[in-house]
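One chain follows as structure tokens, the form predicted alone.
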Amino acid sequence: MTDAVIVGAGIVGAACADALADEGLSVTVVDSGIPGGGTTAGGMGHLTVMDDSEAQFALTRYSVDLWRSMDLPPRAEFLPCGTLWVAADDEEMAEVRRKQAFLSSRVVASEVLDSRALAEAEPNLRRGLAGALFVPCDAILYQPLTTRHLLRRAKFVSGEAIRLRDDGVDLRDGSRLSAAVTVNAAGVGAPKLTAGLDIQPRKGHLLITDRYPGFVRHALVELGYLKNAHASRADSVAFNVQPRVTGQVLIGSSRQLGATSPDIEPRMLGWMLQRAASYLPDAPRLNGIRTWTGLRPCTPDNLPYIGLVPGTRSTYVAAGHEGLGITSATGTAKLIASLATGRKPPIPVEPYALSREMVEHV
């Protein structure tokens, strides 16, 4: 018997394990895959404060603050490089100023860069861009090994969970992991264990290059990213490039709602790289050494499910973070830990409640 069983050894499940261990609970994590694999390995490792909504801002801001306060090991490759939200024209500069006003009113540091300042900050960007918003609190980490660090105090069990109970988890092999608290952190697989969760996979492609130290200095994201990534159900790409501690350059990103094949699609990959080259003209000269895909768990309102499953006493869900699972893992974990131990959550949990968007289960 363990105090808590978590289904899912991605970064969200691992962060929940770490937060529950902080509360003095013994924790077992079960997954049929490799810890830090799956959706976690398919992400970019970007820790970023977002402002799509007040609820998204609250969770991402709290989570980024938690990440920055942690004593992470060198293998986490934490890089406090900040984000540059790049504006291509005057219309997007208006969005820069809106974002800056939003963040400033909530005491998050940011700085508006004009075209010249942006060119000085990132010399390899194409000339003629209007400017950018610099958010210095954002950072990057290497999420697979960070996940393993977060799991250091938990027991890992390799197996497939088929049923959640208030007293534990049933596995495919007929065994049961007994516990007082259960947490569904299974990402795109979460609806199989908790009926009614409206989570769909959204496929993304990424490419990493050989080592080119200094080619980019910040996480670079186009201002049209949210519009391209979330506003349409059609396939989309957006300029999203970041440096790594290793000197490599990670290039993204693409979005395909409902696609489930892990195969690399040359059409999507080529489209994504063309988008990157439109901002970084020398990007085609870089040697790409690996490309891969990931499936991100997407919800209709772009907010995760965090909270107690209706009708249960001690079964919780922490899933549906889409592209913000790595950013939001720490804040999500603190919310789950506070709910499981009967303490007041550090930020309001109601916006992420399961009841808000759960579909009727027939």
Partner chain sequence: MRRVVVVGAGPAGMAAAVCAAEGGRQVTLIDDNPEPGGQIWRGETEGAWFERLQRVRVARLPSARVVTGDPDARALTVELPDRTVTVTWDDLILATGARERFLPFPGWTLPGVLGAGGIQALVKSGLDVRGKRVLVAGTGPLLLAVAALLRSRGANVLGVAEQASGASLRKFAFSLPWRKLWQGFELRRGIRYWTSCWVESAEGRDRVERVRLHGRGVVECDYVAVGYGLVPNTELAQILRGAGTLVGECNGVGGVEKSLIEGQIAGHAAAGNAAGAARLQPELDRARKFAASLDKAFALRPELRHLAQAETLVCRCESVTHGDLKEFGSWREAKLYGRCGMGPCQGRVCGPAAEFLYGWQPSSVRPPVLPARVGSLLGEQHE
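Positions refer to the first chain, counted from 1. All of these numbers come straight from a predicted model, not from anything done at the bench.
One more form of this protein should be noted, the form predicted in complex with its partner chain, which is absent from this view; the next part is about it.
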Please identify, from 308-316, 36-44, 55-63, 22-30, the stretch that has a heavy atom within 4.5 Å of its partner chain in the model of the complex.
36-44
Is there a heavy atom of R211 lying 4.5 Å or less from a heavy atom of its partner chain in the model of the complex?
yes
Can you work out whether R148 and its partner chain are in contact in the model of the complex, taking contact to mean some heavy atom pair no more than 4.5 Å apart?
yes
4.5 angstroms heavy atom contact with its partner chain in the model of the complex for P266:
yes
Looking in the model of the complex, any heavy atom of R98 within 4.5 Å of its partner chain?
no
State the residue from R127, R152, R172, R290 whose non-hydrogen atoms include one within 4.5 Å of its partner chain in the model of the complex.
R290
Quick one: from C137, A179, A190, A283, grab the residue that has a heavy atom within 4.5 Å of its partner chain in the model of the complex.
A283
Within 132-147, the residues having any heavy atom within 4.5 Å of its partner chain in the model of the complex are Y142, P144, L145
